[in-house]
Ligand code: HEM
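So this first bit is one chain, no partners, the form predicted on its own, shown in structure tokens.
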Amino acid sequence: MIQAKLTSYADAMAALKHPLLVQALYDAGSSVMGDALITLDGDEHAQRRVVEFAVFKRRFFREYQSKKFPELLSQVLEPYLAAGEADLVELGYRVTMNLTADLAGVDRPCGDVEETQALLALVRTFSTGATLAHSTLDHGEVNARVVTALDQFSDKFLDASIARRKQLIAQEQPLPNDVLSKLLGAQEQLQLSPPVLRREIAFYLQAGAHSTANAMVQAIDEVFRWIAGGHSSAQLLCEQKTLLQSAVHESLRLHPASPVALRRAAAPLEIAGHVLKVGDLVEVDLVQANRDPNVFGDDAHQFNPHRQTKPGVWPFGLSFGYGNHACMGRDLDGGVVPKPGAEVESASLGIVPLLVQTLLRHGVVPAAQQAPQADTTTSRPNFASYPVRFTGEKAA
């Protein structure tokens, strides 16, 4: 039972960084999230985070965004552009799944459509398990599908990926810069069991693909409505990269991947006037915190890419978390926020802004006869489908 609900930005931040308030959001999805980094606290969390954080360096992000990601995006986009239409949800998953697989360390040796489809189906299943706290589906059935999917994941992808990296380690050859390589290289220190290692990689796959794909669709939806309201144009957004990034950050602020964070008191404590005993639950309302008028102004509930935030306040609010469980892929997804008065560099723009920019450059518009559909399998405000057309009228 939830003992405290926090809605202000200050209270939410205090809860997210409190060392005695531990992660509780993913208890229902333990089939895929059990002992994953995001569910850990204390020394075990700190040790694993240090090992994995070695992947998430800004230099690597800049190189990935400027070189590999444009090639990947071009390959995925090609058939959709040829068809002149797409479902943004499906497109988003295809792009971000490949990106996340690179970071997680999941090899795709074939590189064909069948292989992509197989991995995409597994990632979607992992996502339904990870977000079970907000699911409208039968929890037992979802967890059963996750267990089956994890076995298929090992057989089709993970076992071979592990074997290749172990061979490189034995031969003292350089390893890829990915989470799996880091974990295998630190296995003597971490002592991860095979099931925990498998869930950790599955967690990275689904977390990156699910949240990034949804963030892209939400951002495009906000941009469409902003343009339709006469506030800007696709041309201007493509020309002004800082404005484009700010538009994505505004969307991230308004639409955090999870509408709430859930924490459990690991010891008696007091927070925001609430006295908690061991085991009490605290719900952090990220949607309300990110729309706190004391922090983001009287129009905090509105989409405004020109918004100026106070020093020390991220333009995307608390959508990437805060404290020990802050998202390590923040700079990859949202890019690096430029200093006041400076323009954001292309290599630091962020994956979601790059996706939005590329789609706008290809003349993406909402499909006239097909309305977006809400995802009814979850209480999270996600889209199940978002049909669009490519007009061929390219912005700059």
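None of these values were measured; they are calculated from a predicted model. Counting begins at 1, following the sequence as shown.
Just so it is clear, the following notes concern the form predicted together with the ligand, a form of the same protein that is not shown.
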Tell me the stretch among 220-228, 255-263, 111-119, 163-171 that has any heavy atom within 4.5 angstroms of the ligand in the model of the complex. 255-263
Can you tell me if Phe320 lies within 4.5 angstroms of the ligand in the model of the complex, counting non-hydrogen atoms only? yes
Answer yes if any heavy atom of Phe56 is within 4.5 Å of a heavy atom of the ligand in the model of the complex; otherwise answer no. yes
Any chance Asn324 has a heavy atom within 4.5 Å of the ligand in the model of the complex? yes
Non-hydrogen atom contact Leu354 with the ligand in the model of the complex at 4.5 angstroms: no
Quick one: from Val336, Val365, Ala28, Met328, grab the residue that has a heavy atom within 4.5 Å of the ligand in the model of the complex. Met328
Exactly one residue in Ile201, Ala215, Val146, Leu237 has a non-hydrogen atom within 4.5 Å of the ligand in the model of the complex; which is it? Ala215
Check each residue of 30-56 against the ligand in the model of the complex and list those with a heavy atom within 4.5 Å, in sequence order. Leu37, Ile38, His45, Arg49, Phe56
